[in-house]
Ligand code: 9MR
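Here we start with a single chain on its own, the form predicted alone, put down as structure tokens.
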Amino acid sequence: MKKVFVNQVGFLSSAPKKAVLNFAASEFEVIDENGKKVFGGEVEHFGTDEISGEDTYVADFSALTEKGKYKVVADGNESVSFEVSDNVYDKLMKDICKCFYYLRCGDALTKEFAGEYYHEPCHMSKATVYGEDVEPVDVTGGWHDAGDYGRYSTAGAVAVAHLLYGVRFFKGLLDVHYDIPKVSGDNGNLPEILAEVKVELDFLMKMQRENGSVWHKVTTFNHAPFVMPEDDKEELFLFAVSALATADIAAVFALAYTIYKDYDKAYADKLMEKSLLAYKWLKENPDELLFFNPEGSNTGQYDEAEDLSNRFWAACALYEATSDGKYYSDALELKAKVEEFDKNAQKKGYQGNVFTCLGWAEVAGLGSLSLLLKREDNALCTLARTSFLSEADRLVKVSGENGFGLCMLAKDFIWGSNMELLKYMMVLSVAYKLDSKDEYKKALEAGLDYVLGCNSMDVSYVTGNGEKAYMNPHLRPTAVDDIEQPWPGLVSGGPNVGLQDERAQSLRGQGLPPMKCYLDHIDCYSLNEITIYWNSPLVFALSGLLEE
């Protein structure tokens, strides 16, 4: 079928603008809402690439800067409508930020702010410490992690980190207003993004034991059926301590301290106290302590291959927050261990430089972000800078290898491929801040175009944003709440060549290119689930794109 693929939300007036065609055409035009031609040009043939399988043609209309709503037309085939304006992404930013509010656990939602997506208080009972004969623990609050109702320390810490590093690098994120309850600090109300993040920070504090260690997760023993949150009544369990969780919490509490100290000194000091306690436990327990589910349990495992990158992040974050040289020394020692493990790893999920990895499973790149914020002339800060710039250069090269300008290789289309892209977009946005090369921003903008519809599925991977936005996330509340539209701003996991779930396996044997390994179906947890750490990197990357 002939298609004209385009960013379905639209473009900033001054940004590059393109549509991608999967059919031969020599010319194209852009028409306004009344069907009037406002721009015309020649179509450039790119050719066939590995990731889309399309013989692609590119229509560039970057010279169109006038505000309005338009369509691209070529050989009688129209794109969906899109907008050009200086505030075209305002709704998108508000939506992707407010998703965290809708994902709150406990009794934090109100009808005033959640509207039709309100649900009754949930998961209010104390949690049993699995395998220990101790009193149950109050761990209410925080965010539901994904399509299920689990809450996970490492995943939560990384999502918080994306948002807080976004605040540190791009101050405009503090000015985003999206209608959530006010939270007061010493100096008045917290900015909305900090008020929302505080919900998760408060929960993560509850996950820390008195000795500084951190429980890996709190969930029921098995995933809940598709019911509303308040109807999930099974017993909650706190599962074993891990060095992964303890290090991530040490890092993110230190990062949070650097921000909240300007708004609520007592709260910030509490964060630092708990960060130092977690770090003390790590130093007293230097042996690797990973996490695996107990037999019979099937909630999210969030297992990692090593805890070195987590410890590296913690040391870097505390060094940035305190300037204490002992944390620099620790980070320098851990840097060598991270490099050695990375060199010898049998299976590497992240394709780029390990010191730019910003996901939940490999977090050395988050340590690099703290080093970049330190802005010192030392070996580690230099490593962080050169790593981000060299990785951005690699991404720019990759983006030139397909008609969509996408900085993705075929092997990047794994479970959560959109997060792989969004992590790359984070790298590009940081690199552009370090060295404002046009090619960095162009690759970043092409990534956003892809997420918002300029892809061979012709779908926007953010609910409520784009004429063909996906509609059926693998998410329990939206599946059973009897509301036709899912709440807006949910980022889909996206195409995945693994096709692990039963519904997705119907696509096997069709010889599909990576970009087409996708179904918009609620059963497709390997393609269409949502998570807090798929929304958070989009918040960061979009903040970088909008930074003046």
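All of these numbers come straight from a predicted model, not from anything done at the bench. Position 1 is the first residue in the sequence shown; the rest follow in order.
Absent from the display: the form predicted together with this ligand. The rest refers to it.
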Examine Lys98 and determine whether its closest non-hydrogen atom to this ligand in the predicted complex is within 4.5 angstroms. no
Any of the heavy atoms of Pro477 lying within 4.5 Å of this ligand in the predicted complex? no
Is there any non-hydrogen atom of Gly147 lying within 4.5 Å of this ligand in the predicted complex? yes
Contact of Asn298 with this ligand in the predicted complex (heavy atom, 4.5 Å): yes
Among 536-544, 20-28, 7-15, 523-531, which stretch sits within 4.5 Å of this ligand in the predicted complex, heavy atoms only? 523-531
Consider the chain as shown here, without its partner, and state which of Phe169, Phe237, Tyr263, Trp415 has a heavy atom within 4.5 Å of this ligand in the predicted complex. Trp415
Would you mind picking the one in Lys206, Lys437, His223, Arg385 that has a heavy atom within 4.5 Å of this ligand in the predicted complex? His223
